[in-house]
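We begin with a single chain expressed as structure tokens, specifically the form predicted on its own.
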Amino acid sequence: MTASSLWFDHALLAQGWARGVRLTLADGRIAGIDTDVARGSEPAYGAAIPGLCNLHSHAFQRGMAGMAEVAGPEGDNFWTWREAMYLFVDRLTPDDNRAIAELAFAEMLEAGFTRVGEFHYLHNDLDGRPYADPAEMAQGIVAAAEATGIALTLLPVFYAHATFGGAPPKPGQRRFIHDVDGFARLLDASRAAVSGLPDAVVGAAPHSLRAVTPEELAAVAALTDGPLHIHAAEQEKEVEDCLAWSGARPVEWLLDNASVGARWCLVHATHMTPDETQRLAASGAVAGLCPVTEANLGDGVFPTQAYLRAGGALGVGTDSNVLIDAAAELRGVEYAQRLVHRARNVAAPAPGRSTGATLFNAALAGGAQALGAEAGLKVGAPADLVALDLDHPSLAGRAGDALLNAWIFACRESPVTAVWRRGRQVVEAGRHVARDAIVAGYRRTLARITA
């Protein structure tokens, strides 16, 4: 066993903040933790925090970031954005998928995410026919994770219908579509594809209640004992259509008809009644919030204050990857609440408690639960570390939770200076170690797609 060590002035350990921390790393894990020790000959850094889980990503959408910011002839919303996304999807090859995912994953690591939950629904060939290898497109996601070093929870998406009630899919959805038997083969192929990645996880993602029937939802859930993710109540139209179909709202229907519990993540869950909010919090499931994307698409605002007060678990994700920034996602959770409630420090549970620490710790625990991963800096855990630069002016004079407050709310430029994934340094001086090559490949891909 080859061991190495790193020294930090501050570190957020599983039991709380400590000073003068030496982390001993071996075989990709934290083998030892010493506190209140002087710096030795090992590399030294400012503040260590655990890497976060990005619980909801569509990596390929990084390639269309900013392309849908032109007003159309009618009122723009999620549904008009979706049509632009379908046009972009029509052009992507497996190699394109890999190149775009590499940049997205590198930027996630630079932002402080060390694991991604890839909600992967781009499965079929350009004409809608399955590839000979059902996981052909997923292979690109796996290759991008391997190239960048990010941990991967792969969530193959089951998508069968255009809307509620089992309506036939639309032509623009042809690259997403499976039946249950085909999806079972996709899951098997996905498990084989990730077998060479350390601590990779494969779950499943029934896309939404509009894309699956109740029978299909139950069948897909039975195909895995891993994480289960589903879009729910992202838009008001979705809620209205679900009511027309079933007499119940999406979150209400799931809580009444599916075994929603700790392995479930309801992504967005934006439009809930107070009763749904209380019930989702009590279910043990994770609410997957993506505030940057939700703001970009004009979806609405999740009831964070009531949900946290009810003891609900949550995590954050970058979803459309229009902007990949862990601090911005956490900040977005809080700032939306400030605008809705016209108050400050809404997420903080009590006087004297840190808003930044509350958000970070909630996202750390909830994201790990949703992605089937371990969380926190403790002996035996994966050595997934993020170093914050204490020379950053916005971190000057800060210690403990004040560092998280400053990072989330006060940094114009990111203070993330180094990142290790399973003890391997993947970000140095704020840049992914392979950034230049990754960007060059991404530029070539976008030049071809947009020509």
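Since we're looking at a predicted model, the values are computed, not measured. In case it trips you up, residue 1 is the first one in the sequence shown, and so on.
Missing here is the form predicted together with another copy of the chain; even so, the following discussion is about that form.
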Exercise for the section: Sort through Ala258, Val301, Ala248, Val202 and report the residue having a heavy atom within 4.5 Å of another copy of the chain in the predicted complex. Expected result: Val301
Exercise for the section: Could you check which residue among Ala399, Ala26, Ala44, Ala65 gets a heavy atom within 4.5 Å of another copy of the chain in the predicted complex? Expected result: Ala65
Handout entry: Option from 120-128, 370-378, 322-330, 217-225 whose residues, in the predicted complex, bring a heavy atom within 4.5 Å of another copy of the chain
Key = 322-330
Problem - Contact label in the predicted complex: Gly165 to another copy of the chain, heavy atom within 4.5 Å - result: no
Handout entry: 4.5 angstroms heavy atom contact with another copy of the chain in the predicted complex for Glu107
Key = yes
Exercise for the section: Give a yes/no on whether Ala192 approaches another copy of the chain to within 4.5 Å in the predicted complex, heavy atoms considered. Expected result: no
Practice task
Spell out, yes or no, whether the shortest heavy atom distance between Trp17 and another copy of the chain in the predicted complex is within 4.5 Å.
Solution key: no
Handout entry: Heavy atom distance at most 4.5 Å to another copy of the chain in the predicted complex, all of Glu83, Val180 and Arg185
Key = no
Handout entry: Any residue of 383-416 that, in the predicted complex, places a heavy atom within 4.5 Å of another copy of the chain
Key = Leu390, Asp391, His392, Pro393, Ser394, Ala396, Gly397, Arg398, Asn405, Phe409, Ala410, Cys411, Arg412, Glu413, Ser414
